[in-house]
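Both blocks below hold the same protein chain, though in two forms, and each is given as structure tokens: structure 1 and structure 2.
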Structure 1
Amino acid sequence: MDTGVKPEYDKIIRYSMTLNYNPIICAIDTTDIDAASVLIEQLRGSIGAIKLGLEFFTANGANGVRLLEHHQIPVFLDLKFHDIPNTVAKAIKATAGINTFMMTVHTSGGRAMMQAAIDASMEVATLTGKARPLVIGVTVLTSLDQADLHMIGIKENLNDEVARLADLAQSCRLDGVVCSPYEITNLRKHCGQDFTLVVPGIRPEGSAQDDQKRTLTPAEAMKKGATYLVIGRPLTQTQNPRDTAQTILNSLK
């Protein structure tokens, strides 16, 4: 099958976390760079990476991301690209000067768009001389349930829809997908052990569910086969983020 990936890029090494693997990614959901910096410093050593999303990037752009690089912590740039293939490729190439280890595209953007995204990530690696960033597909947002899918015209069972989109992403050589905790088991069986599963909707015992409709505890998600856990408010809205993160990390051992 033609994956759309240029042969000369086949040997480019994708980004991998250090041997001191920590699956916790903290979602830094703020537009305030100073507040983000304080929080990252509090969490450093207790988490594996930070996630910067649309809220932060819209307010601060690439320069805002660069201002946090001195913390020397991996950055998951979660911008969920979804556009025509050429635009998505150019958007990914535009991140070449930003130290990111992972980024996202919507799988519903289709085969050509995902192929353009993975190809662009390899060009970024060629330009920077660094391992290429992981490209992760967004399947069905964790804020959606079966009723929400029906309202937007998708009649397929939610789990089947997620699996179908994950299959498409894997066939395009994406590194993995974002999925809810309740899709982990099925996708791990479906896509194999090397497929990266990035899991939001993680809520430690006693945490509020907020706008996430499909949640599990960190330990439950890891037991099912998650690769990375994205945790936001349970870390960012606690009085002692470091202790909370360390408690979560200890629960995974």
Structure 2
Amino acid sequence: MDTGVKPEYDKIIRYSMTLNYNPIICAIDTTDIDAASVLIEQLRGSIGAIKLGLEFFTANGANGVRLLEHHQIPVFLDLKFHDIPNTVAKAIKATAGINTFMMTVHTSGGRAMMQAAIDASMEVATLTGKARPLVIGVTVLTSLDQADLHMIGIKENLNDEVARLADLAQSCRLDGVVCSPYEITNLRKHCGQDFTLVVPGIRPEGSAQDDQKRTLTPAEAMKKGATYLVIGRPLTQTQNPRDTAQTILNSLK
């Protein structure tokens, strides 16, 4: 059936629908599977997905991810792959066993690596019989500033470097990039409406800034054009995660 939507974006839209258009992704930044399980149960129905990163994966591996499968919540595997194309492709192919809807690679891994990542994500779809997992690029880590870029030999202005890497990611068929709330407007302009923007650095009104320097509220980030909001401590360090998530969700309506 011709839906009038480009095939790749059709898949993104279908995935958004499986998330029931709830753009909140809770960053489960713990090594403790039991703590992760309790939190996921508390947040059930109030968030669209969870993010598991290096901390969780290094401690628990693929089996740890499988142990959370019974919660039936979409998993964003944020391992920021960065290696030669063959190794990244094989790592992505190996995610077929752990059912993830989205994952990350470093755009500085270059064109061949990103293309190999997308090809591998298609192989995952063939192996699992499910929709292709989204492959999202990391441009410049938000922990780096202009001086840090200089030190690693990048002379470009930081914002231009982010836009340049996002353009490269898009030309390699990546589905989107991770970006700070303050990069959304520029990247929407560069990469269009169909590019997925995964946005951390989100702080609901009145919550602690923690170590995040440049934040926006969930509603502000969505209004600027975020696709998914990655929210950690405001959800995980609160007395009542479910109420907090519901309040955030209501603020988006």
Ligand code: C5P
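All of these numbers come straight from a predicted model, not from anything done at the bench. For the two forms, the rigid core is made up of the largest set of C-alpha atoms that agree within 1.5 Å on superposition. Residue numbering: sequential along structure 1, first residue numbered 1.
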Only one of these is the form predicted together with the ligand, so let me know which.
2
Using a rigid core fit, what is the CA shift at residue 155 between structure 1 and structure 2, in angstrom?
2.5
